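The chain below stands alone and is given as structure tokens, in the form predicted alone.
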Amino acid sequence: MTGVGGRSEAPGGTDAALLAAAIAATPTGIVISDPALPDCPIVFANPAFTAITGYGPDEVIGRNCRFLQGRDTDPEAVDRVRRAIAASRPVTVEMVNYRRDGTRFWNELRIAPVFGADERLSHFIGVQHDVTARHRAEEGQKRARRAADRANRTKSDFLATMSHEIRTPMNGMLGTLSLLSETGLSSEQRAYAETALRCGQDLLAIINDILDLSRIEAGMLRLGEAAFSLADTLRAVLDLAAPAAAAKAIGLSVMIDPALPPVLRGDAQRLRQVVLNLVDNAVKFTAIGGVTIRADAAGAVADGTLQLRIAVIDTGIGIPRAVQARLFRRWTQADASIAGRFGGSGLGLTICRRLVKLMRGAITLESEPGHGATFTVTLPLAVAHTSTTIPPEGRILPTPTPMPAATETARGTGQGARILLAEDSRANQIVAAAILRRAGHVVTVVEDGEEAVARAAGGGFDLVLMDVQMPRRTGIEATEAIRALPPPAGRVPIVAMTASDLPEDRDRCLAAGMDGFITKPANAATLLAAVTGTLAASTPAVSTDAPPPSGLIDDGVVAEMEAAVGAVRMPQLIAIFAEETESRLARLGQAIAACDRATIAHLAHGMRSAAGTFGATALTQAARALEQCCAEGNEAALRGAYAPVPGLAVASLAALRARTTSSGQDPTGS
């Protein structure tokens, strides 16, 4: 079209009458304005424009289109139209307009200039669409999103509240039952107490599963990103699963491809949770044979990323193909009798799948009835540089642990630590104080944050165990106040104890200056491990020139562990400790030769922690001295600190095996 008004022609010789008929038939509103006339009035409007606006031709022709505007019309959109007309350029806007009857509608307006043969502006064509239905749908979607956001916030608040409200009484109940089982009970009473304790632990596991799944569905679960040792992560799974496997007399092993990079980046805690869940299931459904964890690469490293593949292989009852597809659904188990025979909520595999998906990975299953099962997890992880420093284990203290750690003294004096326990729950006060006092610690109990700050200001404490939700001052506020005190009172180690385990709660505790984090309910082993680890971290370094202590093994610690896990399980636990120690020694030798301080510090830290758990006091102190030397930068001192470690490790393992043999147990665990 070369012009509008007067004589018009269409391409191909189509006559003006046919073109006018097409414009009249189109459902799109079309108007033509003449800029040569005052106020650029409308000179043509098609029937669709009348249908959209309700205005007939006689009410439109000769008027500027602004009569469609009203109080809700966006002034910025109007200004865009005016600027485009003034510059003779096209423009597309969406604005609220009003029909003749006063109702609103959303108008998608496209205005384009039309130039004549002499390239002078001739007319403006306005094309209009009523997009009210689309806007209503978009507004509905926005309202739905806002409602979903409110629901998620409500769900988040509910989870945080329920986590605390459920875990607080569970802590008191499980702790009291544990203490009761250690008193002088008849065999019948002990059976009742142990049954109640076991049922409470099963209930806690179900509560944790429900909270984990709800947290994932609410989008509240955040994945961490840090360097970690895959070998240490998988061996930690073995440590946790070993007692159950030993009780069933089945094997438990891990096979790691030597070609895998030693240090990866990702969320080690969630990876450990997935693998532990799969291993726990495998142990549960395996009566003869064993369970193997196999780790290798699903492909070559590309762009610094490795496709890690971890398979959990068991020789258990297997899973029929008919139920494999629905096995990862919530509340689903292979058949209805499984919950009664083996226990469990049916949430574990669902959580595994959700976590693996969050880590951008996949989980698959291969199984035949009677021939065991293989669950395979494949996920992308960044490869960390070999010199990367791995964060010390235990800053955020894990709740699950199958055995008590060695009760180290506060400052190596042979006396218990002086502990300030800030806890407002009477039941939790009784439980925690009893556990700590039995371990030889001196405990002072306060009931609120204000009193905790006042007592801490007086000094004299080696450690503060701080409940987070307390009256007068919260644990966070009390910690910040203590950290503002002058040293040494302001530098006392503080460990949070809370029934809420959301990541943001942990972050707040550590940001306030706390040194660790325990989630309630915490058993005796977890509480003592937290105390031991925090005190050890704050203990001045042992001089590398000091001779090692004469006693290799603390018999009291070994006896305490044996009482906790049972005499039958001890040989396998010692075998796992020996395997870990021998692996660490081999890697230590390589790291010493390369003077790789980051790797030496990591391995020494792991060896110190494990040796302390098994009461290997001489090895514990030697490993601590080696770890301390890594920060000093003196290569000669580093090699000097390393020199006694291999001999002490061999001697300590021999002493542990000899002690087990002398008690009538098979040190091979067979």
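Keep in mind the model is a prediction, meaning the values are calculated, not measured. What we label the rigid core is the largest C-alpha set whose atoms superpose within 1.5 Å from one form to the other. In this text, residue numbers run from 1 along the sequence as written.
A second form of this protein, the form predicted together with a small molecule, is not displayed here; the remarks below concern that form.
- Among Ala297, Val78, Ala196, Leu510, the residue placing a heavy atom within 4.5 Å of the small molecule in the predicted bound form is Val78.
- For the options Phe461, Phe285, Phe577, Phe124, the one in contact with the small molecule in the predicted bound form, meaning a heavy atom within 4.5 Å, is Phe124.
- Contact annotation: the small molecule lies within 4.5 Å of heavy atoms from the stretch 78-86 in the predicted bound form, the single such stretch among 179-187, 78-86, 450-458, 243-251.
- In the predicted bound form, at least one heavy atom of Asn97 sits within 4.5 Å of a heavy atom of the small molecule.
- With a 4.5 Å cutoff on heavy atoms, Leu327 does not count as touching the small molecule in the predicted bound form; it lies far away.
- Among residues of the shown chain, Ile553 is not one whose heavy atoms approach the small molecule to within 4.5 Å in the predicted bound form.
- For the chain shown alone, Arg66 is a contact residue for the small molecule in the predicted bound form, at least one non-hydrogen atom being within 4.5 angstroms.
- Residue displacement note: Leu197 has its CA displaced by under 2 Å between this form and the one not shown (rigid core superposed).
- Superposition on the rigid core between this form and the one not shown places the CA atom of Gly440 less than 2 Å from its counterpart.
- Once the cores line up, the CA of Asn208 ends up less than 2 angstroms apart between this form and the one not shown.
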